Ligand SMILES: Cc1ncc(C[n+]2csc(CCOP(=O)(O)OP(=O)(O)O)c2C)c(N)n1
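Shown next as C-alpha cells: one chain only, the form predicted on its own.
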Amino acid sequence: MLTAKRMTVEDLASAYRVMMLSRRFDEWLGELNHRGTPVPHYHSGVGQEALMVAAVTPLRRTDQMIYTHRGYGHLLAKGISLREIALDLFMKAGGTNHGLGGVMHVNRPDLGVPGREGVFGGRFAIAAGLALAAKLDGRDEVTVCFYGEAAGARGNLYEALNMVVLWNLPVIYVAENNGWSFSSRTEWLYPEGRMSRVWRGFEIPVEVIDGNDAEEVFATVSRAVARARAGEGPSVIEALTYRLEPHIWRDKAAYQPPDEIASWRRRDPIARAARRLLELGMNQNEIDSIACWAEDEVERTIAAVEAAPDATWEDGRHQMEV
C-alpha cells in the first residue's frame, strides 16, 4: 500500500498563491460580466480552487493533463501564465492558440497540456490514449483527466474505463462533483448524487474526497499518481465541491437555493487554506501579501490584454505552419 504524500507548509503556501490568483482573475471576469462586457466562454471556477490546484500540484512537467472549462486553476498550476490564458480568453494575439480556440482550447504541449476535445465528452478516450502512448514508449508519465457531471453522463466514459482497466494504463480520472450540471442537480443524474457510483463493476480503485480541502486533494491525487507511475494502473477520484457562481456568463442561476450557496460559501476553500496556513505557522501579514500579489498580477494581466492586438487568422495560420 503506497503511503500518501503530505503537503508541507511550503507546498500549501505555493498552492494558495495559485488558488488566490485564479480567484482574483475569476472575480475580475465576473465584474466585467456584470457590467455587460462580453467575456467569451467564461465559466466561473469560484469555490473550486482547492480541487483545481491541489490535484495538479503533484504532477511533473511532462505528465499530461486534460482540464475542464470551469476556472483557470488547472492551467495555472500546470505552469501556463495568466497572461497567456487571458490572451486566449479574449482572442488576442500572443496566446497559446493565437485566437483560434479561445479559452476553451488553451494548449501548451511542452507543459503537458495538449488541449481539450472538440466533441464534448471525448476527453476520456483522449486521456486513455495519452496514457497508452506513455506506457508503450516506456515513459513513467501519468495522465490526469478532470471532468464534470455532464461529461460523465456520456457513454465515452464507460468505453474508456474498460480500456484503461484492460490495459492497466497510468491514468487518473478526477470527477469534479460541484452539485450541478447546469440546472440539473447531481442526484438527478447519478444514484445518491455520487458520480463514482457508475464505476461499480470495474476493477478500479475509487475514492470520494472533500474537494475543498487542498491537503486531502493533494494527498489523494499524490497516492494515485504514485500508483500509476509504479505500474499499478488507473484510479478514479470523486471530489465533492460546489459551484458558487452561475454555470456560464449568461446564466442567472435562479435554480440554485440561496441558503445552499450560503452554506457552501462558509466552506470556501481559499479561506480554509488560509486558516490552515495560520495553524502551520504563517502569519497574517504573509497571507495578506499573497492576496496583494495576486491583485497586482491580475492588474498587470488586464493591462497586457488591453494593449494586445486582436488575433487574426494569419497569426494562427503562421503558428500552425511553424
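Note that residue numbering follows the sequence shown and begins at 1. Note that the structure is a prediction, hence the values are computed from the model and not measured.
FYI, the form predicted in complex with this ligand isn't displayed, but the following is about it.
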Have a look at 163-171, 211-219, 118-126, 83-91 and name the one stretch with heavy atoms inside 4.5 Å of this ligand in the predicted bound form. 118-126
Against this ligand in the predicted bound form, would residue 178 count as a contact residue? Criterion: heavy atoms within 4.5 Å. yes
Report yes if any heavy atom of residue 202 sits within 4.5 Å of a heavy atom of this ligand in the predicted bound form; otherwise report no. no
Would residue 188 count as touching this ligand in the predicted bound form under a 4.5 Å heavy atom rule? no
Does this ligand come within 4.5 Å of any heavy atom of residue 151 in the predicted bound form? yes
Among the candidates 108, 247, 194, 229, the residue which, in the predicted bound form, approaches this ligand to within 4.5 Å (heavy atoms): 247
This ligand in the predicted bound form - contacting residues of 47-78, heavy atom within 4.5 Å: 69, 70
